[in-house]
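What follows is a single chain, given as structure tokens, in the form predicted alone.
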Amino acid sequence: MSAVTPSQHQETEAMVAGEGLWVKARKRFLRHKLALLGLVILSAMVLLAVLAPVIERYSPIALDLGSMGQAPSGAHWLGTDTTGRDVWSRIVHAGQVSLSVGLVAVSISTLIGIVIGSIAGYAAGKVDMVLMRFTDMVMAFPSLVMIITIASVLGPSIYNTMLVIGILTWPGIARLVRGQFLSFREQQFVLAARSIGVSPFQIMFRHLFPNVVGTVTVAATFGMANAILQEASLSFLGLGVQAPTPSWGNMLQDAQSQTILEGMPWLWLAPGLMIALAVLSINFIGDGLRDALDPRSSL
């Protein structure tokens, strides 16, 4: 039987320690009641969006002038809008759009933030100064104003909405990753990797990035909630998802007249409630992840 070498023993201990940390994090998350509530709500909303073609009762875009402005009933669970379209069908289909925009936009912003933050934090010096001054310049402009401006130039569409939100909301994650990399770059395991000739790319994404993945995950969770709100804002202003494709934001836009606000509240209550539930549930999950991944947490 071959003897276990010291390096193999150290790798085994590291794997066990890593597994132990994730097991503890999972247990802490499962004890976070609001996080579990948020996970249940978000899962239900995702399930409704995925099953929209199955659970829709009518076409979300077909006009029915004979059913205009009907209140919620057995035939139309959430009523109809001013052109006779079924609100329930539009709500579940709008979930596909709004949640997809949030997921894609935060994926773009997280990727950009990780790349820029990793390079700045590991390289330090002049590279760090240039990248962080560029980041500060992007952060200096109000993000919503910039998003509205660029969206109006590119033109309103679901793809432009995803792209614009994604490329203008990365600075927070970039600064977060950069700070974590600066704190880890002089640790012994990084110095050891350098001494044996490991490439900077491998050090950044194989040795350093696993130590910040938890922090990035929490930031991305909150970023998704923010992206959903920004999509709703753009669509409400007519610069996001365009009709007849439903989104929660443009459903609110269709319900902004005084007559509808007072006489047909079901047209704005349903999309407004869905936006609120989505953002709250994602924020609850983010709080739970933050506490679960914090080793000092008492949960």
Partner chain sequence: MNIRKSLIVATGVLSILTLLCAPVTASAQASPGSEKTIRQAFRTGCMAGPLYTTCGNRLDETVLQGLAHVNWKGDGVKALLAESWSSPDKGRTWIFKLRKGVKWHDGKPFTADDVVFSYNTYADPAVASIIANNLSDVKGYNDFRSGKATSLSGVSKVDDATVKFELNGPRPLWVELKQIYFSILPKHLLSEVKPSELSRSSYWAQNRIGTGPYKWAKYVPDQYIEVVRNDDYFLGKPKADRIIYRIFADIPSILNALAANEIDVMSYEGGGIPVSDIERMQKVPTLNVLPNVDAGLPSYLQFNFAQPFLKDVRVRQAMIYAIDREKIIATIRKGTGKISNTMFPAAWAQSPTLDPYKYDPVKAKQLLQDAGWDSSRKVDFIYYYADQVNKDTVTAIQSYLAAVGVNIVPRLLNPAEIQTVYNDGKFEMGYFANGQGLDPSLGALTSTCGAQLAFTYCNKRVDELYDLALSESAREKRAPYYQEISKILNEEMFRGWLWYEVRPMAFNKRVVGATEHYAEMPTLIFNLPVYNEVEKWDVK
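This one's a predicted model, so the numbers in the text were calculated from it and none came from an experiment. Numbering follows the first chain given and starts at 1.
The same protein also has a form predicted in complex with its partner chain, omitted here; what follows describes it.
Engineer: With the cut-off set at 4.5 Å between non-hydrogen atoms, does residue 53 touch its partner chain in the model of the complex?
Structural biologist: Outside the cut-off, so no.
Engineer: Please tell me whether any heavy atom belonging to residue 63 falls inside 4.5 Å of a heavy atom of its partner chain, as the geometry stands in the model of the complex.
Structural biologist: Flag for residue 63 set to yes.
Engineer: Using 4.5 Å between non-hydrogen atoms, is residue 217 touching its partner chain in the model of the complex?
Structural biologist: Flag for residue 217 set to no.
Engineer: Would you check, heavy atoms only and a 4.5 Å threshold, whether residue 259 touches its partner chain in the model of the complex?
Structural biologist: Residue 259 belongs to the contact set for its partner chain.
Engineer: Which single stretch, out of 115-123, 205-213, 157-165, 76-84, brings residue heavy atoms within 4.5 Å of its partner chain in the model of the complex?
Structural biologist: Residues of 76-84 come within 4.5 Å of the partner.
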